[in-house]
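For reference, the chain that follows is the form predicted on its own, supplied as structure tokens.
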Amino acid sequence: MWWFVAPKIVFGDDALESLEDLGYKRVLIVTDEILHTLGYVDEVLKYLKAENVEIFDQVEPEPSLETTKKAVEVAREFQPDCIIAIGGGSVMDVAKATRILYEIDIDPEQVTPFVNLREFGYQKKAELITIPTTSGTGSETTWAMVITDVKRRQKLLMANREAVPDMAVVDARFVVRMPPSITASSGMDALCHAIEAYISPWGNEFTEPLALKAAETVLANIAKSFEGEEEARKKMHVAATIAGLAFSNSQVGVIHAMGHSFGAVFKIPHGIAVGLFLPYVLEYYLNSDESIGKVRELSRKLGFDDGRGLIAEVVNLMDSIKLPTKAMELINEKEFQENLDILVRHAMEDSSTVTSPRIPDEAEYRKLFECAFYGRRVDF
């Protein structure tokens, strides 16, 4: 038995108007300082009718456990009946974690797919609305929350069906002026979600069509979106949400395990980190009978002769949108070698590893990181 879990989704022009008649009395808005300053919160408040509004705008990129605890304290004092996240994946992850932790005193690492939070006293006192301002994370639809434990230099991957938002408002007005660099990194995140969702061992009849549609849309539009084409950005915004629906219900794999590890250790933005490992991990999958089938199947459905055609397309695409294709473009060799053991250990501990079509052992993870650093072909 498995579940397909999804929020109500409002999308298209003027999607924000859906906020007008919701009837909440106490709304906590979670966002970051930049988006608050840019007027994104004010844009939402035009439509939101609530008696009391509290704003928490301290979320940073790759949000920390400490920041999440601050948001939880605000929520416990304010007692909202609705939490609205306005931002990218970092903001939405903090909002999802806050919705749970403001009700129950539980170690964040205990928030897993296998725990019944109702047994801890969770009652869903606040509904959750997510409004993405980037096109990549898919966090507006998912049950996952990625929070960084700064002291351990490790990302905590929390996940539970109770974290799924009640409604996602996917309005492209927030992304038409997105900087090219964020357009590129968030778009690559969406592509990784779509590809990993399709090839996941937990993929199913519901997730595969969504993953395929998202991958097709991203491949066709990410370069044009990077160049600033408005229509392409609208398509990318919807594609990111579709990819979120797919991977949330089939899970991701080694690409994300390595990306989480690398991003936490070297403070690399998530989309850049996962995109970096995409071609190397796909090649690793192609070298094994246990994982080659789904990669080839997806590649052919996307119009490529085999998996290596898809890999070549991904590398060319990354070059065109100015994303690094090897880790030595981001960090020096000394930093890499000093932290290689940590990178391998954190990737092996990441829950995304166990949902991969091929699971690396310690030696294989080390080789994968080395290939990605030096730009070597994966031949094992």
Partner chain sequence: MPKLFSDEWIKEYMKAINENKEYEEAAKDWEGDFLFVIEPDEELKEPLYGYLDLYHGKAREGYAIDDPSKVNAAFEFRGKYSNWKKLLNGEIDPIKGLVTGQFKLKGNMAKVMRYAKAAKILVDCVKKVPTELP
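Small disclaimer: the values here were computed from a predicted structure and weren't measured. Positions refer to the first chain, counted from 1.
What comes next is about the form predicted in complex with its partner chain, which does not appear here.
*Asks:* Are any of the heavy atoms in Glu329 no more than 4.5 Å from a heavy atom of its partner chain in the predicted bound form?
*Replies:* It does not: once its partner chain is placed as it appears in the predicted bound form, Glu329 has no heavy atom within 4.5 Å of it.
*Asks:* Tell me, yes or no, whether Pro113 is in contact with its partner chain in the predicted bound form, where a contact means a heavy atom of each within 4.5 Å.
*Replies:* Pro113: contacts its partner chain in the predicted bound form.
*Asks:* Would Glu20 sit within 4.5 Å of its partner chain in the predicted bound form, counting heavy atoms only?
*Replies:* Close contact is absent here: in the predicted bound form, Glu20 is far from its partner chain, nothing within 4.5 Å, heavy atoms only.
*Asks:* Given that the partner is absent here, does Ile9 sit within 4.5 Å of its partner chain in the predicted bound form, heavy atoms only?
*Replies:* No, Ile9 stays farther than 4.5 Å from its partner chain in the predicted bound form.
*Asks:* To test your reading of this chain, name the stretch in 350-358, 317-325, 24-32, 335-343 whose heavy atoms come within 4.5 Å of its partner chain in the predicted bound form.
*Replies:* Going by heavy atoms within 4.5 Å, the stretch is 350-358.
*Asks:* Have a look at Glu227, Asp306, Glu109, Glu230 for me and say which one sits with a heavy atom within 4.5 Å of its partner chain in the predicted bound form.
*Replies:* By the 4.5 Å heavy-atom cutoff, the listed residue in contact is Glu109.
*Asks:* Which pick from Leu157, Ile268, Met167, Ile104 sits with a heavy atom within 4.5 Å of its partner chain in the predicted bound form?
*Replies:* Contact residue from the list: Leu157.
*Asks:* Any residue of 1-26 with a heavy atom within 4.5 Å of its partner chain in the predicted bound form counts; write them all down in order.
*Replies:* Stretch hits, in order: Met1, Trp2, Trp3.
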